[in-house]
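Presented below, as structure tokens, is a lone chain in the form predicted on its own.
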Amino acid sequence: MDWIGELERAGVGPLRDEPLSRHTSFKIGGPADAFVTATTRAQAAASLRIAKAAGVPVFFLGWGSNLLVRDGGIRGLVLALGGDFERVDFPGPELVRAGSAVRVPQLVVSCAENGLTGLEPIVGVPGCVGGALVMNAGTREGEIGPFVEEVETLGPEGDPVVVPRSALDFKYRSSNLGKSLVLSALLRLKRGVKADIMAVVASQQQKRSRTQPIHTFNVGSTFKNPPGLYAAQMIERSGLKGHVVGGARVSPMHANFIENFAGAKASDVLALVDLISERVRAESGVKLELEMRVVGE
């Protein structure tokens, strides 16, 4: 079956051999066999049905801000969302519905402007709502999971599925949504004073700009924080802050960030990850667990 041709005939505009370095915050990654940005539910459903009929694997891509794609790329279909999935609506006094392609900072600011509080701690999360839900994105001050009332997804046949709060399982940097195409989420927040909420948002943004390398190519935190510990402190104590492998380096600003500062390949990043893991484990006995996701060939 010429499944890419089927996608073309369905009008979803697939890109063949699309470099995934164009779609990740790391600016790293080999090609996808086919890359589709679905802007409507119909396009997303058609893409899933065609891939399933052809037995082709599908990888769901959000903003690519927590993702390292290996240099060989991803086989099959890479499906991203845009258009209709970039909307933020307020269906009730304490409710907000956000499409999965909405940037998290945009969501937080929109809520603040509407006098809704709760999401301020995640304003610095660089990804989109879909990815934030899948990984239960958050900071030391809070996560998105506790505010979620329901999540709308698409099943493998392209059928809509609404997952209620009772069926959602949010844990530290993970959830049970990993195999789903998330379309939108309904969140319940609290009313507050707009000026006060906006002040907290501004404070969080300023703090992030002071402590994290937000203007470099990276995926945010590389490793999860071990219970009661901070990965950045452990990496810094190991003497690896600023360490370089190929075009990748441990950020001189924040040791739990790896930067693509000179045309890094995925292999450079992974070599640096291995070095950090081995050094920290040898010195502290703690095995660091990756927070970023590594995919591809």
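Keep in mind it's a predicted model, so treat the numbers as computed, not measured. For every residue, the number given is its place in the sequence shown, counted from 1.
Below, we refer to the form predicted in complex with a small molecule, which is not included among the displayed structures.
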| query | finding |
| --- | --- |
| Contact residue in the model of the complex, chosen from M135, C111, A98, V78 - any heavy atom within 4.5 Å of the small molecule | M135 |
| Option touching the small molecule, based on a heavy atom within 4.5 Å in the model of the complex, out of G73, G118, G115, G220 | G220 |
| Per-stretch contact check against the small molecule in the model of the complex, the hit in 162-170, 194-202, 135-143, 87-95 (non-hydrogen atom, 4.5 angstroms) | 135-143 |
| Close approach of L186 to the small molecule in the model of the complex, 4.5 Å, heavy atom | no |
| 4.5 Å heavy atom contact, T37 to the small molecule in the model of the complex | no |
| Touches the small molecule in the model of the complex: K224 (any heavy atom, 4.5 Å) | no |
| Close approach of P31 to the small molecule in the model of the complex, 4.5 Å, heavy atom | no |
